[in-house]
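A single chain comes next, written as C-alpha cells; it is the form predicted on its own.
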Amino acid sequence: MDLSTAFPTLVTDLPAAFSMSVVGLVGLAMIVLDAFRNDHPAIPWLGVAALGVSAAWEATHLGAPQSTVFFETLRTGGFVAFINLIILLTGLATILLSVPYLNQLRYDYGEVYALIMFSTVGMIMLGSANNMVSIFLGLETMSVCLYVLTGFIREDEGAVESALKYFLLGAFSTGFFLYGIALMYGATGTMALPAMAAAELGTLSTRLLFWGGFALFLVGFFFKVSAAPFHMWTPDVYQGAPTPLTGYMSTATKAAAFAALILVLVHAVPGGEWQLSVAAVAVLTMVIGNVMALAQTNVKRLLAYSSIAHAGYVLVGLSAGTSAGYAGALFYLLVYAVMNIGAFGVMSMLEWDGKEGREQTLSSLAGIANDRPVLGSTMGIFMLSLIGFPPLGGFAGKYFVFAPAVDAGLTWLVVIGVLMSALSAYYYLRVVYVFWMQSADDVEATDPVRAAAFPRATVAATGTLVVCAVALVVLGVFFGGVLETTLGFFESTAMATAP
C-alpha cells in the first residue's frame, strides 16, 4: 500500500461509509450532550433522527453495484445496504420502544442510547467486512456495547448475572474466533476474503491448517447467532437483560453476524466442503430450540429458545450453498427482525414485575388482550408469523430458506425443519391462547396477580408495533420484489452448488 495516498483515499471513501459515520458521530454527540445535560430527554431523539436518515440513505443504495472501500477492507453496494437497512431500522425501533420502558424503570440514562448507536456501528462494520480484521473489529465493537447494555441496571442481580455470563462466554468464544483467523491466515498468507479463496492449499498440512482454522472461526460465529451447541448463554442473558434491548440483541446481532458469515462463505470459502457441517448444526439448533421452548413458562425465555430455533432455520438456507439459499437467508433475516423486535416490544409494554420480566410468567398475563387490544392483536400477528402461517412474512421466509435446501439435495434437512416448525405451533399458540382466551380468574389462585401499572404506552412505541405487524402482512403478500432484490446480490458471484 502506498502510504502517500492513504489519507486522500480515506477522505474519498468516506461517503461510502455515510451510515457508519453518521451513527458514530451522533453517538459521540449524545455522550457530550449527556455530560453537560445529564439524561436530557432529547438524547434518544437524536439517535432516532440519525438512524432514520441513515436508513433512508441505505434504502437509496439497494441497487448500487457492489464494490470495496478503505483499501478493500469494507464492502459497499446492494448486499451491504440491505443488511445495514435491517440493522438501522432495528436500532430505530429499539430506541422508540426503550424510551417509555426505561422511563418506567427510572433508568432512562443518556449513555444507554449512545451505546445502542456504538453497537450499531460495530454491526454495520461486521455486516460489510471484506477482511478478517474488519470482521473482528466489528464483532468486538458490537459485543462490548452489548455486554454493558445487558447489565446496566446494576441494582438488579439478574441483570448483573446475565451480563457476567454474556461477557465470560463471549470472551471465551472470541478466543476460538481469533485462533481460527490466525490459522486461516497461516494457511493462506492473507486476511482479505477474496484472496483467501484464491490461495493455493497445495499440501495436506496446509489444508488441515486452513480447515481447522475455519472450524474454530465457525465456533465464534455460532456463539453470536445462538446456534447449538453454543447457545447456553442465550436464555439467561435474554431473561435478565432489559426487554427492548433483548429484542435488539436477538435481531440486529443475528443480522450482522449472519451477513458476515455469508460474505465469508461466498468470497473466502466458496466450496461445498462445509455444507454437511452447517446442516448438522442447523438440525441441532432447530431441535434444541423448539424442544426446550415447549417447557418455558417465562415469555422471555420462551422467545430466547425461539430465537435459537430461528437461527437454525437460517442455517438451513446457508447449508444449500447456492445463490437462492443465501438470498432466502437474507429475506428471512429481514422477516425475523420484524417479528422478534415486535414480540419483545409487546412484552416490554406488559412488564409488571419490575425485574425486566425475569420473574413474570406467561399465565400472569391471562386475558390481557381484553385490556390492551392493540398489543394483543399485534402479538397474535407476531406469534402466527413466527410459526409460519400464510399469508404472513414468516411463511414466505421459511419457504425461501427451505426450497433452496431441497434443490441442493438436503430434503432430509427440510423435513426436520418443517417438523420443528409444526412443533413450535404449540408454544406460540399458547401465547395467543393466554392473551385472548384465558381469564385472569383462572390463574389467580396459582400465579401472582399482575400489578395494575404497566409501562405507559407512548404513541411512538405503539406505532412501532403496528408498523411491524403491517410490515409482516406486506412481506407475506408482496415478497417478490424483496426476494428479487436479494437474489440480485449474488448473480455475478461464482459459487459452488451442492452435488
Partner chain sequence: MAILFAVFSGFVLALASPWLTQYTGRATGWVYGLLPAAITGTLATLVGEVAAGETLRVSYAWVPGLNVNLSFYVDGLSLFFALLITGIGTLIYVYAGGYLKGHHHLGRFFSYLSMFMAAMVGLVLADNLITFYVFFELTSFASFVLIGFNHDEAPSRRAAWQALLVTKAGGLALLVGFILMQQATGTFQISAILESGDLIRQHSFYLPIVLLVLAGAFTKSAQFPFYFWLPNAMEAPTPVSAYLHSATMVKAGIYVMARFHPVLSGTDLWMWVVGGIGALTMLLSAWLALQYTDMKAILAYTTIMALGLLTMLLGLGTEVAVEACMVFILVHAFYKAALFMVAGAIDHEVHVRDITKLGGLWTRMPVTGAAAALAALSMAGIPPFFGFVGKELIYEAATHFDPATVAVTVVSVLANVALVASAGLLVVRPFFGELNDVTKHAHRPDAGLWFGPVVLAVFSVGLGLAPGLLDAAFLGPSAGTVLGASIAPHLALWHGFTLELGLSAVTVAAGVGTYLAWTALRTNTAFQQLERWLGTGLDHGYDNVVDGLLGVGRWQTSVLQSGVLRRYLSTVLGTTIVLVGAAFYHYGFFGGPISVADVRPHEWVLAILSVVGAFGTLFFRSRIGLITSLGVSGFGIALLFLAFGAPDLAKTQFLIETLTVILVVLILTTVSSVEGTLTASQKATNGAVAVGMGVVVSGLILAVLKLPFENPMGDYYAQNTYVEGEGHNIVNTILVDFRALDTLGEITVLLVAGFGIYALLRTGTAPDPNAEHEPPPEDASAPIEQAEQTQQVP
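The structure displayed is predicted, hence computed values, not measured ones. Residue numbers count along the first chain shown, from 1.
Here the subject shifts to the form predicted in complex with the partner chain, a form of this protein not shown in this document.
This chain lacks the partner; the member of 375, 115, 85, 216 within 4.5 angstroms of the partner chain in the predicted bound form by a non-hydrogen atom is 216. Listed residues 345, 242, 138, 235 were compared with the partner chain in the predicted bound form; 235 is the one with a heavy atom within 4.5 Å. The stretch among 252-260, 337-345, 85-93, 153-161 whose residues place heavy atoms within 4.5 Å of the partner chain in the predicted bound form is 153-161. For residue 10, a non-hydrogen atom is located within 4.5 Å of the partner chain in the predicted bound form, even though that partner is not displayed. Residue 462 falls outside the set of residues with a heavy atom inside 4.5 Å of the partner chain in the predicted bound form. In the predicted bound form, the partner chain sits within 4.5 Å of a heavy atom belonging to residue 430. Contact annotation: residue 388 falls within 4.5 Å of the partner chain in the predicted bound form, judged by heavy atom distances.
Contacts to the partner chain in the predicted bound form (heavy atom within 4.5 Å) from stretch 295-320: 295, 296, 301, 305.
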